[in-house]
Every structure is written in structure tokens, then in C-alpha cells.
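Take a look at this single chain, the form predicted on its own, given in C-alpha cells.
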């Protein structure tokens, strides 16, 4: 009995001396302010949804930290000499989360679904040149195109083009059943509260190096910052520069501040009076000091931008119509339109994404008042805002839209006849449609640059939207979180490389 008592005491001492390690110690706890609005990767447009889904699903290709195209589910690809055939060789040995093999059949079923009008895919316009698809074998897919399509491969580097299981497409609802090939698997999603992801043990890539990711929805970004400093979360997505910049000089937290391709914009629907009058839209453009918007709403954290945000195509803003505030010209334009007494402009904003939306709207409200335009701001819950935006149910909207590495891919869904979000864009003319189609088919880089230079100048002059600025994407992490490299596409896919060493 004495020996047993001594043994128990020794065991207790050992247990006290050895730190307790919970199963969560190798789980990355991530805080963010806004939750996904849905789980179907082909229909979602909200950043918050895409950031979750890109951890679960994978496209054929993606972009690296330098925005170069790199293989994912495809290993390589090539065009025929006439540009009408695109062949992908697929990665061998990849399985879906349910254990089924990834094959060419899944790629074909995925793009058939994307192109099906009933799907209401967010990016179907980007793949409209696909005339037919065939699979010579399980690891080869051949796309036959109706026209040369220079940007189609870069268009596939999108969460809206991730590959779904053909079995799920045939018999399940992808909005309810999440079966991808990505580094993480969805375990549980409680909307507006939390999401649990577990590591995919059979992922083809190197990693993941954590057991999973726990995403906590913390609506107030100041509270996210407090949670970081208290050590209750490991990693955070920050959208508000007023919060993120508080971490500058804080050696206890690693802040990643990265220029982004996304852009803040005042969307005007030219289908609605009096925005259907060119001079009215131009007057709004001339009346806004874009740098003042940045300084007021984002503490100067941004760069004034035209329609294209990628360095390889963006024009200097002094080559665009009325990018310097000119109140005299704005008033003359309103007088020409017969609106010299001004009018009321309803503007919708989301209350969460981006967090600067209300401040942007308030600054625009103040500036447009100088030419007699009364801006009425309607702040909406994020999900309601998305529904209104998708339905084109607004007169004007402050929006944060995603950028792309190619101009065609960035805007094909807005500025073409029958484009997916043409109704949302609320404006189209023959010049825009023709320039988009020419830019899609042109393969010479110099010629494409000239096409999209004219495209930018035409958009700025017709002013269907008022482009404001591109900001920064902010991520923050505890020093023990290593391996994270942010990029200008805002993607979280490379969390697969992160390690947590507490």
C-alpha cells in the first residue's frame, strides 16, 4: 500500500512538472470581423466568403505572392498555334475530401456547371469562349474555344473557378455539401459565430502544418486587436486602416501591410435618372477629391486609382478624365444637364465590409454638397447589402471590388453585353463592349496595353463609376506564427504553409 501511495505521488509530481498540451495548441485561431455569406464557391462574390472557400477548394491554377500564375490542380497547360485549343495536364494522385479521385471528369463537370445559366455563376462570363471540352484520358482536359482567349488561364486562378467533385455536382447541393481538394476540410460552420476547419491529411501539397483552423467572428475590429494583444487569437484579418495602423511600432504583434489589387469605388447606376445623363455623372467625378477621401476615410492608407489597378496596365491618373477636383467644371456640367439646382443621390453602404465604407460615403456626401447634390446614405447589414448589390437594387453604392491580374478578367462580368453583372454595373455602350472583346482575343502584349489604355480612358470619361483608391490588405499574427506570406490578391490559400509554435 505504501509503495502504491508513493507511486501515485510521483505521478502527480510528473504531471504538474510537465506543461499540459491541449489538442488546440496546434490549431490556428483566426479572428475576422465578417463571416461568409454562403458556401457555393461558384456563386459567392463577397470577400468574406471567398477567403473561407479558398482554404477548402482549389482551382487549376493560382497566383503566387508575386502574382505569377502557378500550377495547382493542373501541372501545366498550353495553347494551340491558332489559340483555339487549350490543353491542361492534371496533377496525379489528388483526392477529394471524401476520398474519391480527382480526374478530368471533375474539371469538365465543374465548367459545365459554371457555364449553366441556372447556376448563376459569378464568373461565367470569363469562360464564355469555351465551346466544348473533352478528356482524352483521366489526367488531360482539352478546351476548344470559340475565339482566341488570352486571359482565360488567369481567369481560372479564382475561387469562382475551383474544381468540384462531379459526384457532388450530380447528386448534392454545393451550397450545403463542401467536398474539395484543398488543404483544409470544413468540420463545422455556425454563421456569424465560428467555423472549424481540420487539416486534410491526404492533401497533395506540402502541409498543412497545423491541425486545423478555428475562425472566430469578432464584429468589432478593435476587439480583434484586443484579442491579439491578449493572446486569445493567433492570427487576424484586419480591413480597417484605423485599427491596423495602431499595430505599427508594436513589436509584440507581426503586422503584414500589403498593397492590394482591390479598389474602393462609388458605383453609379446610369440606368437610373438623373444618372442616365452623361454630364451628371461627369460632374460627380469632377467634384470629388479622391485624395481627400483616402486621407479622411483611411488615414492616407491608399493610392488614388483609375479602373485598372495592376501595374502592368494602369494608366497614370493625369491621363484620365477629371481626376483633379474641379468644382467650376462640375457646376458647368450640371448646368448643361439642366440640374444646376442639384438633386438627391441615394447611396447604399455595407456596415461591415469594408469598414471604411461609411466614412467614404460621408466624405463624398460632404464634397458633393458643394455642387448642390444631397447624398442620402443608407447603411445596410452586410448580407442585405450583397443581395441589393447583386440585384442592381440601388442608385449608387460604395463598394470594395476585387482586382485581378488581367484587365479582361477583372471587368468582363460588368462591361459586356450579357455579362453576369451587367445589370449591377448599370451601364454599357458599344465602345466598352467592343474593347472588352478585342482585349480578350488579342495576344500581342503591346496591342493589349493600347486596347486597355483606351478602355480606361473611356470608362473615366463616361463615368459610370467613380474609381477612388486602392488600399492595403492587413494581416496580423503572433510572433510564434511562422510561414505566412501575404499577397496582393488577398488570398488565404497559403495558410497551408503556416506553423504555430507556442
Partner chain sequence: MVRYLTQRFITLIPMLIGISIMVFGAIRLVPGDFITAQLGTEAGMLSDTQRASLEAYYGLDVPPVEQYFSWMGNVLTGNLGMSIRQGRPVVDLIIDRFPATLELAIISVIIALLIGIPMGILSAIYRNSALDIFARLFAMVGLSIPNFLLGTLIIFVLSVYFGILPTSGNYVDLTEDLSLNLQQMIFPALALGTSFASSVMRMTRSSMLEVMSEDYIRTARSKGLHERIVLQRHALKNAMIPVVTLVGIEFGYLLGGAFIVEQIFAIPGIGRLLINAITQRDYALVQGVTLFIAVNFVVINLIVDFAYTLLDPRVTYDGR
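Model, not experiment: these values are computed from the prediction. Positions refer to the first chain, counted from 1. Basically, rigid core = biggest C-alpha set you can superpose within 1.5 Å across the two forms.
The following text describes the form predicted in complex with the partner chain, which does not appear among the structures shown.
Out of the listed residues 329, 139, 217, 142, 217 is the one that sits within 4.5 Å of the partner chain in the model of the complex by at least one heavy atom. In terms of contact with the partner chain in the model of the complex, the residue from 265, 390, 247, 377 that brings a heavy atom within 4.5 Å is 390.
Contact check at 4.5 Å (heavy atoms) against the partner chain in the model of the complex: none of 51, 95 and 97 pass. The stretch in contact with the partner chain in the model of the complex, judged by heavy atoms within 4.5 Å, is 112-120, chosen from 151-159, 428-436, 112-120, 72-80. Among residues of the shown chain, residue 43 is one whose heavy atoms approach the partner chain to within 4.5 Å in the model of the complex. Although the partner is absent from this view, residue 135 stays clear of the partner chain in the model of the complex, with no non-hydrogen atom inside 4.5 angstroms. Although the partner is absent here, residue 209 lies well away from the partner chain in the model of the complex, with no heavy atom inside 4.5 Å.
Among heavy atoms of residue 91, none comes within 4.5 Å of the partner chain in the model of the complex. Along 383-421, a non-hydrogen atom within 4.5 Å of the partner chain in the model of the complex is carried by 383, 384, 386, 387, 389, 390, 404, 413, 420, 421, in order along the sequence.
In the core-superposed comparison between the shown form and the other one, the C-alpha atom of residue 193 has shifted by less than 2 angstroms. With the core held fixed, residue 399 shows a CA shift of 2 Å or greater between the shown form and the other one.
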